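Take a look at this one chain, the form predicted alone, written out in C-alpha cells.
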Amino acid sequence: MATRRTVRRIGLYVLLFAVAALFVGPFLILLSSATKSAAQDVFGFPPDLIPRPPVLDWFKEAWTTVPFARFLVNSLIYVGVTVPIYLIVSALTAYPLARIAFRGRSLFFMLFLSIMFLPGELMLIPRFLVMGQLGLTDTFASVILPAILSSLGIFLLRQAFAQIPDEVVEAARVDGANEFAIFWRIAVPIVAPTLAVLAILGFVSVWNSFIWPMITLTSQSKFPVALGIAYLTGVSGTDVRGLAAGTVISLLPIVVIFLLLQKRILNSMGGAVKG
C-alpha cells in the first residue's frame, strides 16, 4: 500500500513538473534570448538557456530604439481608466438582471449571453465604423470605450448576485434600505471576490490588447505597450534579441503586480470559485 502511494505521489510530481515546464519554459527561453550576446546562437538545438556571458545591451536598445516609457505610460492609462469603469458598468448591469424583476429581463440576459459567444474579430468593423462616426478614432477614448462593456463580466456578476440569499436582501429592505443602498452596501461587498477576479482578467486583457488598438490608433504617441512591441519589430527588423528584451520589459509590470498581490489574488479567486 505504501509503495503504491509513493509511486502515485512521484507520478503526481512528475505531472506537475511537466505542466510547470510547459508554462514557464517559453518565458525562460524569452529571458535567455534577451540576455544572450550577439555572438551566441539563439536558435541552436537543443536550446541553450544559459547566456555566456549574460548582457543587458538588448534591454537598453529596446528601451531607446522606440519610446518604450511612453508606451508603458499609455498602457497604465488604459488599464487605470478602463478596469474601474468596466467593473462599475458590469455590476450595474448585472444586478438588475439578477435581483430586480422587470419585463424582458430574461430576453436581455439571453442577448448579453449570446454576445459572449461571438468572435471578437466580428465586432472590429462595426466598432471602427461607430468610432469613425463619433470622430473618436486615434484617441484614447477609442481604445477605452469598447473595453468597458463585457458580456463575460456581466454573466459572472449576474450569477454571483443571484446567489445572494433572499433573506439578506429582505432584511435590508425591512431596515429601510432603498435598492441602490442594497446594491452598494450589501450586494457589492458579497460579490467582491468575483469583482477581484474580473479586475485581474480585465487588467491582463487591456494590458495585452493589440488588434483593436492597431486598427483604431495611428499616432505612435498613443500606442499601448503591446502595439509598441510590434512597432519595435518594424524598427529593429528581425533582431530577435531586442524583441525578446522588449517583450520582457512589457511583462515586468504584470509579474511585479502578481508577486506583490499573489496572496490576495489567490484568496479572491478561491472565494469566487466558492461563490
Partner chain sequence: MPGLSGRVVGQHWYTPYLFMLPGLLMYAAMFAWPAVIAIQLAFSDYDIVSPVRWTGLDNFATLAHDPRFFLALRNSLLFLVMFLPLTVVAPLFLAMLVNVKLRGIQAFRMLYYLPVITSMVAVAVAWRYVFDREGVVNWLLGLAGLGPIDFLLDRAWALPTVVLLEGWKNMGLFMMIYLAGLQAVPTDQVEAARIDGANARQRLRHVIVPALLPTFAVTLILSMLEAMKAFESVYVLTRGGPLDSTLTLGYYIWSKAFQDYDMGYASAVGLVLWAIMIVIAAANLVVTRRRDR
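The term rigid core refers to the maximal set of C-alpha atoms that superpose within 1.5 Å between the two forms. Bear in mind that the values here come from a model prediction, so they are computed numbers and not experimental data. Residue numbers count along the first chain shown, from 1.
Not on display, but discussed next: the form predicted in complex with its partner chain.
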Open item on the list: Just to confirm, with a 4.5 Å cut-off on non-hydrogen atoms, which of Ser37, Thr65, Gln220, Thr233 contacts its partner chain in the predicted complex?
Closed with: Thr233
- [ ] Find the only residue in Ala98, Leu72, Leu195, Val83 having a heavy atom within 4.5 Å of its partner chain in the predicted complex.
- [x] Ala98
Task: its partner chain contact in the predicted complex: Asp138, any heavy atom under 4.5 Å - done: no
Open item on the list: Whether Val79 contacts its partner chain in the predicted complex should be assessed with a 4.5 Å heavy atom distance threshold; does it?
Closed with: no
Open item on the list: Taking any heavy atom pair closer than or equal to 4.5 Å as contact, tell me whether Arg127 reaches its partner chain in the predicted complex.
Closed with: yes
Task: Any non-hydrogen atom of Pro189 within 4.5 angstroms of its partner chain in the predicted complex - done: no
Task: Partner contacts in the predicted complex for 145 to 163 (non-hydrogen atom within 4.5 angstroms of its partner chain) - done: Leu145, Pro146, Ile148, Leu149
Task: Rigid-core frame, C-alpha of Leu122, shift of 2 angstroms or more between this form and the one not shown - done: yes
- [ ] Indicate whether Leu49 shows a C-alpha shift of 2 Å or more between this form and the one not shown, with the rigid core used for the fit.
- [x] yes
Open item on the list: Core superposed first: is there a CA shift of 2 Å or greater at Gln40 between this form and the one not shown?
Closed with: yes
